[in-house]
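Same chain, two forms, each on its own as structure tokens: structure 1, then structure 2.
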Structure 1
Amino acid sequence: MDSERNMEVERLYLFLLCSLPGISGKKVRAMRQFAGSYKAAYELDMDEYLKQGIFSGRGRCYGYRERHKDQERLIREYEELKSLGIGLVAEFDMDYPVRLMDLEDPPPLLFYRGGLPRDGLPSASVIGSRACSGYGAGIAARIAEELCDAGVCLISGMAEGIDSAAQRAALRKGHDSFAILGSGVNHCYPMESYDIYELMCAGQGGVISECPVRSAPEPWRFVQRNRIIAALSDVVIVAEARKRSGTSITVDYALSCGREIFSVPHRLGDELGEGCNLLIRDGASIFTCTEDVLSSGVIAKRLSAGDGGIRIKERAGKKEEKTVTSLASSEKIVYSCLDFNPKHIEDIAAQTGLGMATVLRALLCLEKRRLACSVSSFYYRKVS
């Protein structure tokens, strides 16, 4: 009982330290190592940290100097977290994600809504550009669906473009997905992703952040959260990225954690996919099919620990087969003509030899079944 009480006290003071402005997680850990506990770290005089070089100057440790001003409000906020559906997990808790320990500076405290990824399950992130093409979004969705069907847990950042396309596809098929946010867990950013944010908060996976609950989304926070995406993933898959892309930050973090990088090859001259081709040139594994990832070292090892993923994959395959075989003949012909690059309806009609009216009816039917979608006027692509 005393041990539990001590841990709860430590969790509270860790929360107070992490809620102070200008105090990074790395600094919080250094304070604890010097003071011996988070409670002692919070109570220690600022001059002691200045002597040790943990704080580099009085002006740069304003948050710590003024810590008692907001203490009562922060304690109330801490006590209200559970009623708001927000969980806390500290680095000393049993359910703290062990993969994060591969980071040079693992977050000492995580906030979450929904749940946390399980350490024993294989995990992968599907990432890429925010301003992606229909092809990139389609590929990301397909990769996410197939990996999740096989029993792999999806980690991503809920950003517009590739990230949200992958997570939306996984959630649509009933799988769990986890989003790492660059804000407090009560902020949905971007708002266009609210549909998947809501599902994850409700327990179909979860949303996770090291940022205090009140934190607004800021550019520097997204750079920091990328290291958590990388560390929580056994492999990182880049579906589409430009030559200069923020995706490279996540890739660098993943490499520093010893994670394998997969990259989807793109056509030469395709600016939206140039970053993917450069990754392959620099040593990333080529993604040709989902089996490339499933047979990779860590993923294969985790999957072999049980057959749950195989059964899930078999069920999903039968469901997909049933969906396609139930189509009318004209719909099957049009569906077989589609791929993840948008095609104009006239090109589809020319390729299939069907009349425009027949093609349009077939496309409308495929849209209703979520097998195809319109990306612009009279342009259609395959969804799955």
Structure 2
Amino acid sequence: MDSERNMEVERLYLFLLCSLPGISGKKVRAMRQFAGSYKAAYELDMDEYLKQGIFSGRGRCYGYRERHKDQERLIREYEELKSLGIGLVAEFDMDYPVRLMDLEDPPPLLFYRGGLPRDGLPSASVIGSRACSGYGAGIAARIAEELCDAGVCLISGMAEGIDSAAQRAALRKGHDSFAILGSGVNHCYPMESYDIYELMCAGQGGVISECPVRSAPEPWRFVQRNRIIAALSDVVIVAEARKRSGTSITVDYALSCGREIFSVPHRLGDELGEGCNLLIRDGASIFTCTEDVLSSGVIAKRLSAGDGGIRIKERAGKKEEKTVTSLASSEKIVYSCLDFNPKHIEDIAAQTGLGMATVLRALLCLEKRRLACSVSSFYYRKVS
């Protein structure tokens, strides 16, 4: 009983410390280690920390020096969190995600809406560029769907491009997914992902952030958030990334946590997928199909501990093969001419030698079966 109240007090002081501007989670951890508890850490005089070298100079600890000014407002905010539907989980709580402990500096406090990923369930993240090709987005969506069907929980960052394509696909199929934000949990960024943000906040998975509720998205926060994405997932799958991409930050963190990296191979000369090929050269596992991930170490272990969801996936694979073989001959010819890169209908007609009307008819049929899609008025591409 007493320890429970103690924890409640500790959580409040941890919240206060984490809300101070200019003080990182790493610093909060060091302060606590020195003072013994978060309460003591909050009440300690600034000079003590300066002596210890925890604060490197007076200018650096402005937020800490002025901490009593905002204290009342922050306490009020703390009490309001529950009514806003925002949960708090501190590193000493039972439901704090264990996987985060693999990080060098696990976030001492997490804010979340919806729920938190369960420790026993396998998890994977599908990541990649924001400016992605249609092919990349399609691949990401398919990987996400197949993984979720097999019972893997999808972690991602809700960012534009690959991230949101993967999460949208998982959520649309009714699976849970978790988004780690680089802003406060009440701040949906990017705005275009609001549809999936809403679903996750409503409890189909959850939205997690270590930033104070009101923080706006700032570039440096995204680097920090990438480390949480990396740590929360058992494997990281890179769907499409350029040579120099923010994705490499997540990959580096994942490696330092001992996570397995899968990378989708891309064509040589394809600028958008160059980063993926470089990852493979540097030792990442090659992603050829979802089975590769499902049979990899940690995921396989966690899946066999739970129920066998893999069967569902096998069935889906067979169905798809059937649709391609049941196509009419002209459709088959057009389909084999299509590429993952958009092609102009005149090129398709010229290459297949079919009349324009036949080509358009075939494309419409392929579109109906979701084997092709029109990118813009005259361009079509294969759906992955």
Partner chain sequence: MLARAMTGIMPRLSPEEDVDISALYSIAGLLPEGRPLLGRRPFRSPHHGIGTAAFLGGGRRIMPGEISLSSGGILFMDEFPLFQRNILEALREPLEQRRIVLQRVSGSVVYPADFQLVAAMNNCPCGFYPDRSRCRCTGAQIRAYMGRLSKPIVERIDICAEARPLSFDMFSKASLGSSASSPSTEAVRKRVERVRAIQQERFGSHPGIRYNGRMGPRETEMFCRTDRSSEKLLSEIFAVRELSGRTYHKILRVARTIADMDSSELIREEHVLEAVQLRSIEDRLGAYGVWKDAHGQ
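Keep in mind the model is a prediction, meaning the values are calculated, not measured. For residue numbers, the reference is structure 1: its sequence is counted from 1. Between two forms, the rigid core is defined as the largest C-alpha subset superposing within 1.5 Å.
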Chain form predicted together with its partner chain: structure number out of two: 2
C-alpha of residue 12 off by 2 Å or more between the two structures on rigid core: no
Displaced residue check between the two structures: residue 36, CA, 2 Å or over, core reference: no
Cα displacement of residue 363 between the two structures, once the rigid core is superposed (Å): 6.6
Core-aligned CA shift between the two structures for residue 354 (Å): 8.9
